[in-house]
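The chain below stands alone and is given as structure tokens, in the form predicted alone.
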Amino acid sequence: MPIYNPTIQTLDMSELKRYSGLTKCTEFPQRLLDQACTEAQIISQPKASWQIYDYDASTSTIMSPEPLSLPPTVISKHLANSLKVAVIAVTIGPDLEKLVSEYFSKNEYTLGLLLDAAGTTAVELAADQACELIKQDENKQGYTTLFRFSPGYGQWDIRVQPQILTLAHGDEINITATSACMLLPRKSITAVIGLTPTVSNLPHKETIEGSKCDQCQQINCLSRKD
């Protein structure tokens, strides 16, 4: 089971603004955005863990020691050509959300909200780095990686979250799930990455080339990518 420590050297300001709902806002104090970015970079402690499993596409089942059957929804279609899956968990640790709470307790709501958005940007960046590492490793084995797909995306029931977290060995990087299936620390991600033998001539090629937002039904989401 690999454990990886991503590095948060810079945060994409456009992503921070997207998660803050400020994409179309042209007049906003830049110093607050810069402060949120800087604090998120300093305080984040990114870690990722994952495990590779065989995948039976005919039954939509992850062949873990205790096999996990996936529902006949978007996730099954997404993995329709996969022979294996990487089940991954990523977190930036609990310190950022503690600082967000401190800002709220001092009535510094704007900075608290911006830092929360910066935390989302940071954990997504950490997940991207871990996925890139998996991609490089699996490419050497002759596999193409699909984009990561998380519980809650599309019509995939969020209640599978604890099982996905277990398969990713999330406990090894101190991620837990509440009874409501919320991850703790809150700035954490779990996902499944399909591994296919080749991209060309696949019947569901569009799911490889599409984006995560393309698969989501929340068309009015402020964070949706165009």
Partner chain sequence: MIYIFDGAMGTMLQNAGLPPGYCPELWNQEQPAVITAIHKSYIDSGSDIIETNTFGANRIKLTHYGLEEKVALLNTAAVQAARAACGPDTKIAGSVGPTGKLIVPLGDLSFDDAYNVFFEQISALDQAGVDMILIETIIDIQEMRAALLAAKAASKKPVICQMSFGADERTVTGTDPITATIILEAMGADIIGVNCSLGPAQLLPIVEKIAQTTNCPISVQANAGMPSLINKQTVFPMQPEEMGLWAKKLVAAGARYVGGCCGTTPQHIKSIYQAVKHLALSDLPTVQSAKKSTALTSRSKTIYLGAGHPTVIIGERINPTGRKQLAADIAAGQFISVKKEALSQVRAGAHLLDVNMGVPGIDQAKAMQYAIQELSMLVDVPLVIDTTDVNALEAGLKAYPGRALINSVSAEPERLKSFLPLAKKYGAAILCLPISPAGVPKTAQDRLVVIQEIIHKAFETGLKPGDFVLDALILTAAADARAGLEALATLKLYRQHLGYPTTMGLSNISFGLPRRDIINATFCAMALDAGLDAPILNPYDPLMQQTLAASALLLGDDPSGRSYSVNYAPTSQSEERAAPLTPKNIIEQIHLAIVSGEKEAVVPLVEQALREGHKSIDISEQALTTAMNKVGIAFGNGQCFLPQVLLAAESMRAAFLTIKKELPAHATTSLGTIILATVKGDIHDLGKNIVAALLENNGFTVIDLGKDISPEKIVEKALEHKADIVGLCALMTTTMPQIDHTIAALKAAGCSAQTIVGGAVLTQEYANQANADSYAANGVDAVTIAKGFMADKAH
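Residue numbers count along the first chain shown, from 1. Quick caveat, the model's predicted, so the values are computed rather than measured.
The form predicted in complex with its partner chain is left out here; the points below concern that form.
Screening I164, I193, I62, L183 for any heavy atom within 4.5 Å of its partner chain in the model of the complex leaves a single hit, L183. In the model of the complex, at least one heavy atom of V100 sits within 4.5 Å of a heavy atom of its partner chain. Contact annotation: P197 falls within 4.5 Å of its partner chain in the model of the complex, judged by heavy atom distances. In the model of the complex, its partner chain sits within 4.5 Å of a heavy atom belonging to Q41.
In the model of the complex, no heavy atom of S14 sits within 4.5 Å of its partner chain. The partner is not shown here, but in the model of the complex the stretch 130 to 158 reaches within 4.5 angstroms of its partner chain through a heavy atom at E132, L133, Q136, N139, K140, Q141, G142, Y143, I158.
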